[in-house]
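The form predicted on its own is given below as one chain in structure tokens.
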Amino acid sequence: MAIIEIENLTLALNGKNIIAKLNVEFWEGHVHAVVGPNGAGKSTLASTIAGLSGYTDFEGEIRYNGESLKGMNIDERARKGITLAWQEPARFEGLSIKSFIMASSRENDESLVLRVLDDVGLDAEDYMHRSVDRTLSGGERKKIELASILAMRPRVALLDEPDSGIDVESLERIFEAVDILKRDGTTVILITHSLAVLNRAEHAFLMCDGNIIDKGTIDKISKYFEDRCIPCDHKNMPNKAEIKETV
């Protein structure tokens, strides 16, 4: 069953179509990956689903559990259970990590903060009372943002480049958190151009030039990473010699 259905989605930014008549469905309770090169429109797709400011004036349709999301802002969509973890997490000067996580949860329970910080590999005693500010590294902020999503228990979690700015050990904790989200019934959509992240999904879509150009199993879509492209008639399709030079 599809929890997110997108039909003929078109979104223009600064007069240019970034997404053009895109059609895709995301199945409930599954871990999906949307992969493709930089500039393919992956993050724009995530921002449009989440309802970020500047991304709500689209053509076509986005349905969540059969209900149109047109006209709904990010707060309204969040209340329905859709959340987005940014590639570059936000800072909140003066707001403690404990308060930040508890604000995401429906439970006013400090033990929840302890649990989700542990789930992402952070010592609660060291982090609970620190601020979500510039004293944290990008990797720490990414983990804290993911901890807040675990506390939220959303229906749909969009994770934009979850491996950006973190080390290998931290990435494994991110993957463990993805497993927790799936176990709790959350539909996870991984926005990535990383083979390691793709391999954590159950189903994948290949995006290029604002559209979905292929979909299928991880083994099928991972061939994109072998050749850096798939055969198509796009004007920017590299020839074999160019592919070998860039691999």
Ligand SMILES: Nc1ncnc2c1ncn2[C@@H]1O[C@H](COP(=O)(O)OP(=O)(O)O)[C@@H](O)[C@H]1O
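Just so it is clear, the structure is predicted and the values come from calculations on it, not from any experiment. The numbering used is simple: start at 1 and walk along the sequence shown.
Omitted from view is the form predicted together with the named molecule, to which the following refers.
Partner-contacting position among Gly216, Gly185, Gly66, Gly39 - heavy atom within 4.5 Å of the named molecule in the predicted complex: The residue from Gly216, Gly185, Gly66, Gly39 that makes the contact is Gly39.
Stretch from 195-203, 175-183, 31-39, 56-64 whose residues place a heavy atom within 4.5 Å of the named molecule in the predicted complex: The contacting stretch is 31-39.
4.5 angstroms heavy atom contact with the named molecule in the predicted complex for Asn211: Looking in the predicted complex, residue contacts with the named molecule do not include Asn211, since no heavy atom lies within 4.5 Å.
Residue contact check: Ile18 to the named molecule in the predicted complex, 4.5 Å heavy atom: Ile18: contacts the named molecule in the predicted complex.
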